[in-house]
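Consider the single chain below, provided in structure tokens and representing the form predicted alone.
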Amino acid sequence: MHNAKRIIMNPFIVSGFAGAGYFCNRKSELAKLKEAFRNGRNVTLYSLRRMGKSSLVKYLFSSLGKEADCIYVDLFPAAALQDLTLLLANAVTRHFGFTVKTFPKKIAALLRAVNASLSVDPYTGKPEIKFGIGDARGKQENLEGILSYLEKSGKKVLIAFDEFQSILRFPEKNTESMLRSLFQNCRNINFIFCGSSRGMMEAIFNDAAGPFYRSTQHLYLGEISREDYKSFITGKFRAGGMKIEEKQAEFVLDTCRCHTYYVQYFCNRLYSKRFRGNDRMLYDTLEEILLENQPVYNNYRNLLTDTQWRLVKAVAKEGSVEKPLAAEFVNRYGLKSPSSIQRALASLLEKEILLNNNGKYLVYDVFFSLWLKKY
């Protein structure tokens, strides 16, 4: 028998969850999520985009093992309640490995009633639920039926809804009230509501007049400890037969604001080059990343007004800005009137090009910010 060539995975994962060995820290957050689930509490988990929420949830799923049926639903594509129902139904189908023959009769009958069917995706070979053309009937009943099936499955269930703030754009009236009513009646199902827009998530869960007010435990996912991350980076390079100096790992963390995605991506590129502590390679790799994204960044210039572009560039030059309407900042970068800056600021925040992080305004995309500062 020939020995198969060992494939060494790049340990700096930039998408998905590859296992506990590729996960840096988050021990405290993982413990809190486990404790909440085991004691029947729902959780609101929010952070900046690409900070590792989805990976943390999947890490939790993996660590719970057979303790629960864990179902992950990404609501980013959902524009209406029917979309949420369909996404959940397909997630349930994938989790249990249902086929046309084994699909539970209760759910199958329910979906037939709303002109839905179970088919096989021609590309993946996996079962897929599809609604028929036309308005779905009994939207609440459809969702209630799926939850009812899970309630009676005989095992604890944990459902994680990612990008849960998407429900705010649903056209159906009283969506929040209806969902809250359904979810609070579940006895065998717990929920994790994940979101990347802190403002929108707080509008759902912190509004005293809202149906979800004080219905969950809140958990904010911040930066990974610098020391832990530095040890993780140096350790992974060492384990791969490479070397990165501590000061170089600190450079990566500083440059990327300790933001999980950008740190992982930068290190992934260095690892792929078999990095061994060469400063020139470190800086050249960063330059490559910025130039590769240059067509995208140039296109932003065409999508923004002149005031918006000048403002985002000024913020990038500063690194962070506490008072964007202050005369000193306005004059330094030749910006227009405070009223025009205020409008531009609101638009850039809404587009998530700028970020208000604890009173400091920053360019959301770390690499875009570096590119603006340099070019």
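One-based numbering along the sequence shown. Remember, predicted model here, so these are calculated numbers, not experimental data.
Keep in mind the form predicted in complex with a small molecule is missing from the figure; the text below concerns it.
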Location of the small molecule contact in the predicted complex, chosen stretch of 223-231, 248-256, 177-185, 145-153 [non-hydrogen atom, 4.5 Å]
223-231
Residue 85 within 4.5 Å of the small molecule in the predicted complex, heavy atoms:
no
With the partner left out here, check for me: in the predicted complex, does some heavy atom of residue 49 sit within 4.5 Å of the small molecule?
yes
Is residue 190 close to the small molecule in the predicted complex, meaning a heavy atom pair under 4.5 Å apart or at it?
no
Looking in the predicted complex, any heavy atom of residue 313 within 4.5 Å of the small molecule?
no
